[in-house]
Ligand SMILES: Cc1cc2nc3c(=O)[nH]c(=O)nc-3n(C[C@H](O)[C@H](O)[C@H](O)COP(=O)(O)OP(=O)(O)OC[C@H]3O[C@@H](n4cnc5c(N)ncnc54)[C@H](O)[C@@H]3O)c2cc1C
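For reference, the chain that follows is the form predicted alone, supplied as structure tokens.
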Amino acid sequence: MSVQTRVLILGGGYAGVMAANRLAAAARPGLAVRLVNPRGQFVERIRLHEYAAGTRAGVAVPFDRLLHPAVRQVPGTAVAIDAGRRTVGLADGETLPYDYLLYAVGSTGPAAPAGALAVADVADAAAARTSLRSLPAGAAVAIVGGGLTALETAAETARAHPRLRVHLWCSALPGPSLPEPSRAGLLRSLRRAGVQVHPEVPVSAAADPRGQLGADLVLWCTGFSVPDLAARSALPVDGAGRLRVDASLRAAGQDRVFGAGDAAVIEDPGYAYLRMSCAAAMPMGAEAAGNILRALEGLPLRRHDSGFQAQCISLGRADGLVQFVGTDDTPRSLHLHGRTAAVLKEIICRMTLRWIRSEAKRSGAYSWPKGPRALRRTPVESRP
């Protein structure tokens, strides 16, 4: 290892913070870890629906309470990556050199059409929170989308604001990944919360959706997109703009660039089951950090191996759905509903911060479920 080896991490979400802690806590001589993020706070994105509905006071945690003290925080937004020169340009004009780069810029929601609000980040959720509070009794709120974000936002909003009429509009069936028995329980929970569900009704983004839906407020929760930083920097990306990485999480054709979290995709088709989620981002961040440490020591890199155990859906503070899944995210027959599911969901949300903090105390403290067995039938190491 050189006297000073600089690891630069872009993004302070679940993947980036986990990676920073694993690297810094390893206490390798001469290793300098810097974390670039626009805010000096970590955002619990899995709780944004609570913040938007007004059932949670805040979702921001100061980095000083999560990061290893050796991690240097760099406030700023990366606007360009020069992999040839190994530099990253920031929006304020500063240029940061690196020896290894971890691309973990995360995801955000798609742009909401005029007349609608999103809940994809703190600013969006804050705007939704203010708007919900200002609505008069009897006003109609439309949530557009059928995925987990839309489901959680609809239920949380309805329970927090019983004076409002809450509608959920889905272009397909709500919870499309759920088996029918679980979806039936989901629909019962939504009805108990006071949500009127409109399945298989596409909503156009070409015009103000308030007129289409007869709503006073529209919350747009139709999926996720990723920043175009990798594409603009001529790094390899897929059709959605995600950084393409191999099974060791190293970017295609790049020895010094790794990717983790929502903004990266493993090219190997065996990993197609990995969905955008903190349950996938944290293991990817930890694995990428581990492989950077192995590269520094000249050791073979490990093939990423992570899987799922459950899909947990919050449906208000006292209701929820836990769908148990196989390691490849395929639904099992077992599922939980009601208060027990809500408690389990809350425990997992709290554990995410504890896992991050534990990694700051000891590199390698965080562990995760293994992926499908098929992944382990292929070679598990790649070149340093």
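Note that residue numbering begins at 1 and tracks the sequence as displayed. Quantities reported herein were computed from a predicted structural model and do not represent experimental measurements.
The discussion below concerns the form predicted in complex with the named molecule, not included here.
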| query | finding |
| --- | --- |
| Heavy atom within 4.5 Å of the named molecule in the model of the complex - the one residue of Gln254, Ser107, Thr222, Ser306 that qualifies | Ser107 |
| Heavy atom within 4.5 Å of the named molecule in the model of the complex - residue from Val322, Leu66, Ile46, Leu31 | Ile46 |
| Stretch in contact in the model of the complex with the named molecule, which is absent here, among 75 to 83, 171 to 179, 127 to 135, 205 to 213 (heavy atoms within 4.5 Å) | 75 to 83 |
| Contact flag, Leu301 vs the named molecule in the model of the complex, heavy atom cut 4.5 Å | no |
| Met276: touches the named molecule in the model of the complex, heavy atom cutoff 4.5 angstroms | yes |
| Contact flag, Pro227 vs the named molecule in the model of the complex, heavy atom cut 4.5 Å | yes |
| Contact flag, Val36 vs the named molecule in the model of the complex, heavy atom cut 4.5 Å | yes |
| The named molecule in the model of the complex - contacting residues of 112 to 133, heavy atom within 4.5 Å | Val119, Ala120 |
